[in-house]
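Next comes just one chain, in structure tokens: the form predicted on its own.
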């Protein structure tokens, strides 16, 4: 094993093992995770767990793939388990001489990292989905497991994703994962259900039985007594006397001797020490320990905690690059949601069964979308999508609809129109789009491919869409 060390000021030490160099971060030393981009991996001396968690979190939360994708190894002298840190890290060793055994893993992660395509994603959500699927892909992992965590603001933690959020914003990790599932990047299964504050989405709540009149939790319980002989019913304090601890009926003055014979205790009554209101049934309130909001438990947000699995589409998205989510393209003015487009297609096929008309669906596909979007920032990407829709909308009829199947594929309808005329209109659109792009974007070369499918009422909507979109995924 080839090994030499070179000091890096107070930051740490470079340890060379074979053809790779490791950044060694000593316990409680000053850390500059940016140094990791010049190393193949990092080794953290795991003595103080809070310090290790801070360093590992800062690495995985870094926006640069040259840093957040790098392997993290722990130098641990014991076999103690730290679930959250163990997920952030890739492996552990008991001493530095064992680093040689990790070289194959470092090589695989480096090799798979080279397979990834990184594009300027159009939104924050797309950026984080790209990050999580990249981390999973390079490590050949398939599952995002929620970890119960006392210090999490929602009581559960998705380590590789939640590190990107401040404590008060951790609930946003659930929104990101849900968007990914809607886009087919993940599939999920139920793990647990938590209840979050309806104001700040915190899961740190104090549940209290409160007075239904003033919502105070300062109450005193008292047994209700039913005296059999005279039928008097009242709180126990009505039966108490000042002489001894015996019970006397305030109505008939008889001594209560045997429960079940002279009397029973059918229920409990509560008295509020704040407003003196007496009641039998409590209200249950949840007080948020984060923002102080105090409301009935019925107003809490019931939220499912799920286990997420990376799909084949998710793996392909990591390799090809993820530009947008469905949420992003659904917000483009002048379009409808792709799911709505599919529903309208079903109705159009049914309508054609009753008529002899001719209708079509079309696709305009950007064949070099990865190259195009990698050259544009988020705002310019949104501007490009809006401009494309504006040009297309100006060259089709008002009744025709437009939808994004993805950020690189636009679908549209051409109802009650012969296929020959539809093709003529469709083939003219790319030239108009090129003219627009030349005037709005300098040196941006965009390649379009158009396709038209004439509707056949003997075929299902799924078959039509498959013919239209084949090869565009």
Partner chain sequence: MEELLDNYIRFLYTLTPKHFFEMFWFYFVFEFIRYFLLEFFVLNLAKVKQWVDRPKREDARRRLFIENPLVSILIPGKNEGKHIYKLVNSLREQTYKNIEIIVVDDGSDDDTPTIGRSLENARLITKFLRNDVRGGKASAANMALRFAKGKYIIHLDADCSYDLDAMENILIPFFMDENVGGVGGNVSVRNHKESLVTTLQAIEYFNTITTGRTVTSYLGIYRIISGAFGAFRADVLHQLKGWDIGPGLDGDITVKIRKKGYKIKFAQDANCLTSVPNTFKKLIKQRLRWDKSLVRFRMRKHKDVLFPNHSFRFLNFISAFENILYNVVLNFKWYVYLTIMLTFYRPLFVNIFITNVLLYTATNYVKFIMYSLYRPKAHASMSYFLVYLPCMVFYYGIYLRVVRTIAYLQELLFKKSYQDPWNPPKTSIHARYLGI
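Rigid core here is just the name for the largest C-alpha set that superposes within 1.5 Å across the two forms. The structure presented is a predicted model; accordingly, all values stated were derived computationally and were not measured. Residue numbers count along the first chain shown, from 1.
One more form of this protein should be noted, the form predicted in complex with the partner chain, which is absent from this view; the next part is about it.
- Only one segment in the set 131-139, 179-187, 345-353, 228-236 has any non-hydrogen atom within 4.5 angstroms of the partner chain in the predicted complex, and it is 228-236.
- The three residues 224, 269 and 283 all sit with a heavy atom within 4.5 Å of the partner chain in the predicted complex.
- For residue 276, a non-hydrogen atom is located within 4.5 Å of the partner chain in the predicted complex, even though that partner is not displayed.
- When contacts are judged by a 4.5 Å heavy atom cut-off, residue 254 counts as touching the partner chain in the predicted complex.
- For residue 107, no non-hydrogen atom is located within 4.5 Å of the partner chain in the predicted complex, even though that partner is not displayed.
- The closest heavy atom approach of residue 212 to the partner chain in the predicted complex falls within 4.5 Å.
- Interface residue among 250, 383, 148, 334, judged by heavy atoms within 4.5 Å of the partner chain in the predicted complex: 250.
- In terms of contact with the partner chain in the predicted complex, the residue from 294, 169, 100, 264 that brings a heavy atom within 4.5 Å is 264.
- Contact residues in stretch 32-59 (any heavy atom within 4.5 Å of the partner chain, taken in the predicted complex) are absent; none meets the cut-off.
- Relative to the superposed rigid core, residue 114 undergoes a CA displacement smaller than 2 Å between this form and the one not shown.
- With a cut-off of 2 Å and the rigid core superposed, residue 250 has a Cα displacement that reaches or exceeds the cut-off between this form and the one not shown.
- With a cut-off of 2 Å and the rigid core superposed, residue 97 has a Cα displacement that falls short of the cut-off between this form and the one not shown.
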